[in-house]
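Let's start with one chain on its own, the form predicted on its own, as structure tokens.
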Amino acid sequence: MTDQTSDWVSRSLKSVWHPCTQMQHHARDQDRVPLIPVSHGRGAWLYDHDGRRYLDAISSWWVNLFGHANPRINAALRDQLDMLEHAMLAGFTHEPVIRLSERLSALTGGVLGHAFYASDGASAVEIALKMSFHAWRNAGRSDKQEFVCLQGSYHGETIGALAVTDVALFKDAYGPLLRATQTVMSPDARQARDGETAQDVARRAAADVQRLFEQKADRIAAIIIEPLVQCAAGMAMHDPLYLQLVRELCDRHEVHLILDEIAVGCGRTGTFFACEQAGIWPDFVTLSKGISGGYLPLSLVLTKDQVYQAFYSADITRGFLHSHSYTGNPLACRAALATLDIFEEDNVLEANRARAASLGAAMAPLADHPRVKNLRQRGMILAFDAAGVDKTFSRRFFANATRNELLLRPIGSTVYLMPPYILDDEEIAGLAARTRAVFEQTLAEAS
């Protein structure tokens, strides 16, 4: 480590409180967790001040779709900077937010025709929850105040979003602050009993929703689901049949369906919206992360005209009185428009099918490893579970990965890949080889 790098690390540890981090793990040498000052990024790679590089195999927390310093997104932002950096969206509007709203609506076939903007995923979840509750209230159904989430679900760490999160590490400390919610079985295919398929698990999980709805639907506003992949639950993947069955139950029992596509949307699972693979649309869908290509904070909720009309009134108290200072920021919207342009111009979804197949083939030999369980893939998300590891596994794996030019950060004992959509065959082969090498090294340390 050069003097310059050491200086950046020291200054950061003194002044920056890093997210999702026990800061002492960076400060104590024996824990061997590196803090890496990033100098710049190019394509799929991040570079530190010492010239070392790291393949960003998790897209910097799932946001970067088309590489760092993408020239087309850069050009769009430079153009926008000369016109408008920001204007409040209450009483004003602007071209980027209008065009983005129209294009996203078109991607749903006009079913979700109204877009409400915020800055981060948790805020989008908060908006969807509040909209659902308030829409029922405006419809004279004020008893419908409860929400339902899945076991192992993660939807953010603000108070409302945390209430529909079922990850003890994030939630337990704040329990006294949270509104009680109903939790139903996850459709995670790893729960298959002997002889069961992923669809059988989906049916069992949907039956659990049915039992709850039959008892309490008159008090339930909405159920919230990450479609196809529950990411923070360890990339828990489920069959699209589950979404079809829950959509039918929501229609039958008059419960809103919120699909959290913050992580799984924007092509991650193979279709632009994950729910397309089930052939259904929710009442609300949340987007963030990849929607701006990983450039700027942006999130949004898309919803149906029926929900929008529930708030459309001369009475201000019936309006949706929720706001963020940077709602619909023109720069963020312009980055999102440039991202959508790349999807169209490069036929990204089709190209990703071939890229995902190459990634799967490169990682397939790991399925035979005695310490690997449940090697699985959905689109550009691939994961496996490490068997027989201790609670330090994730931290040690991350540290070893950085020494092997990889940015990989397991979730507990689950190693996952969620790379940008630009990897070539050489990078895919290198990613697979280095992932295995890091896995072997991390296992050997504990033996």
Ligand SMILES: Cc1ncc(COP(=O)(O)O)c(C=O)c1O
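This structure is a prediction, so every number in the text was calculated from the model and none was measured. From 1 onward, residues are counted along the sequence shown.
The following text describes the form predicted in complex with this ligand, which does not appear among the structures shown.
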Segment assignment from 71 to 79, 360 to 368, 202 to 210, 113 to 121: heavy atom within 4.5 Å of this ligand in the model of the complex: 113 to 121
Site check G156, E226 and K289: each within 4.5 Å of this ligand in the model of the complex by heavy atom: yes
Listed residue (W62, Y421, Y416, F393) with a non-hydrogen atom within 4.5 angstroms of this ligand in the model of the complex: W62
Contact assignment for this ligand in the model of the complex, among I262, L300, A336, L162, heavy atom within 4.5 Å: I262
